[in-house]
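Only one chain is given next, in structure tokens, and it is the form predicted alone.
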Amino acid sequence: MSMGEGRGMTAIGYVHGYSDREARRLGDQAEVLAELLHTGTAYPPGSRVLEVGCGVGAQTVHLAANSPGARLVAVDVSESSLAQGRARVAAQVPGADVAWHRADLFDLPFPDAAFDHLFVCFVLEHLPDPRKALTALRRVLRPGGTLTVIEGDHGSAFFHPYSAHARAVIDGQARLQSAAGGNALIGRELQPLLNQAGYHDIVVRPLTVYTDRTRPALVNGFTRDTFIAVFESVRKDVLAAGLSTAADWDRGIADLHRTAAADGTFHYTFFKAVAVNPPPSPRS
């Protein structure tokens, strides 16, 4: 799903824009999903960790909090996002060891094997060639180092009450993202993408979000303020692209809000992959 930041590169179609509202949504999203996405991700003291496409630092604060002894480097192409990231981390994790760089993932200003670990969250979904990006990242990851990738998948969204209009909204946003060069269904592709990029020991785990009236914090924090907010933010672009009529889109949004009502339920799956950068093959 087009949930996240994903802005550490050029040739990108970031369909949500860089508004203050989007920055707040990213922060809220990271908070409500922190336990789900970051459990099991902690780096040893002294390890060198690169976060690619850090955006406004919504994920960086959790990396810093979970790995207080690690040396973090966060990169993004947007200077304004980096400024917000610095302020966010300074406020929420004072004293965290984070260096900030404006950089493109295809032209990272770091030497070969500079990092022990890479963290890439909600980035690949926005790229026209994610395999090429994953391959390029191997240059700065030491042999034996790990890469962690997190992505969503629009196809995993299902809900009650069912609505064809709501489903059409989800599919319409996926088509808009595809037209911008991205892929809202990329979660299911992580294993083959990492394999094709040359990584070894690939382990992919589904991370499921399920909401109903017994989980009000998730209903508000995820269904309303994260998931539905994504689609509300792209209404103008979807209509301009001719992917829906205003009446159909608004009906679909209303029906998505019905899934957050007392008798509604909602399900979505993220995919988290961890892989190892193998040593170079011996020359024959």
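Remember, it's a predicted structure, so these values are computed and weren't measured experimentally. Note that residue numbering follows the sequence shown and begins at 1.
Keep in mind that the form predicted in complex with a further copy of the same chain is missing from the display, and what follows is about it.
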One residue of 195, 178, 92, 135 in contact with a further copy of the same chain, assessed in the predicted bound form (non-hydrogen atom, 4.5 angstroms): 195
Interface stretch in the predicted bound form with a further copy of the same chain - options 209 to 217, 102 to 110, 135 to 143, 70 to 78, non-hydrogen atom within 4.5 Å: 209 to 217
All of 122, 148 and 250 with a heavy atom within 4.5 Å of a further copy of the same chain in the predicted bound form: no
Contact flag, residue 204 vs a further copy of the same chain in the predicted bound form, heavy atom cut 4.5 Å: yes
4.5 Å heavy atom contact, residue 159 and a further copy of the same chain in the predicted bound form: yes
Contact label in the predicted bound form: residue 188 to a further copy of the same chain, heavy atom within 4.5 Å: yes
Interface membership of residue 128, a further copy of the same chain in the predicted bound form, 4.5 Å heavy atom rule: no
